[in-house]
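Take a look at this one chain, the form predicted alone, written out in structure tokens.
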């Protein structure tokens, strides 16, 4: 697990007020939505806005890759790293 993944897990917990979830409870490869962590579309919107502010990344809802980027903590970390590298 990378430090960015650990940071993202804490950020997700804080942003979405997931009171009963600890960083260790989230598997980096686990699905964030429906199965896995069980987030919903409202959580996705809230998380997307917060990620754009914190990491200064551009998330285009019309981009067909958005679902892939938000599939797991691992994918989010890869997306943020790719955006920062460009």
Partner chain sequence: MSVFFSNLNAPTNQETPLFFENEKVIDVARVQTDIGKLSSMLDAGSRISIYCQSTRLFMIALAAVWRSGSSAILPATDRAGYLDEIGQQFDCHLDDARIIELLGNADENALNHDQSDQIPDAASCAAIFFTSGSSGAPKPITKTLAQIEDEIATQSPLWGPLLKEGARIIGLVSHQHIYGLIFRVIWPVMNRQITRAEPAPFWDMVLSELRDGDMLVTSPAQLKNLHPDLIHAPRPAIILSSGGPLDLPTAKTVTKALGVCPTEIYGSTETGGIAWRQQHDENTPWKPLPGLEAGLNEDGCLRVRARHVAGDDWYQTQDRAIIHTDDSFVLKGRADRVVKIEGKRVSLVAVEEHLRQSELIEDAVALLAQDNDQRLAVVAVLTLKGQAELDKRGRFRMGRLLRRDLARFEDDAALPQRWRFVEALPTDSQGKKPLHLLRALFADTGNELPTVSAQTRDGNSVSMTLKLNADMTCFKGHFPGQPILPGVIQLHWAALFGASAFGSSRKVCEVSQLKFRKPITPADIITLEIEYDPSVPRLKFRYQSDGADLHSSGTLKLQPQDIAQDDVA
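Since the model is a prediction, treat every value here as computed from it, not as a measurement. Positions refer to the first chain, counted from 1.
The same protein also has a form predicted together with its partner chain, omitted here; what follows describes it.
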**Message:** in the predicted bound form, is there a heavy atom of its partner chain that lies within 4.5 Å of any heavy atom of residue 21, even though the partner is absent here?
**Reply:** yes
**Message:** If we define contact as a non-hydrogen atom of the residue within 4.5 angstroms of the partner, is residue 25 a contact of its partner chain in the predicted bound form?
**Reply:** yes
**Message:** Under a 4.5 Å heavy atom criterion, is residue 40 part of the interface with its partner chain in the predicted bound form?
**Reply:** yes
**Message:** Given that its partner chain is not shown alongside this chain, does residue 16 nevertheless sit within 4.5 Å of it in the predicted bound form, heavy atom to heavy atom?
**Reply:** yes
**Complete:** With the partner omitted here, the residue among 29, 34, 61, 49 that in the predicted bound form has a heavy atom within 4.5 Å of its partner chain is 34
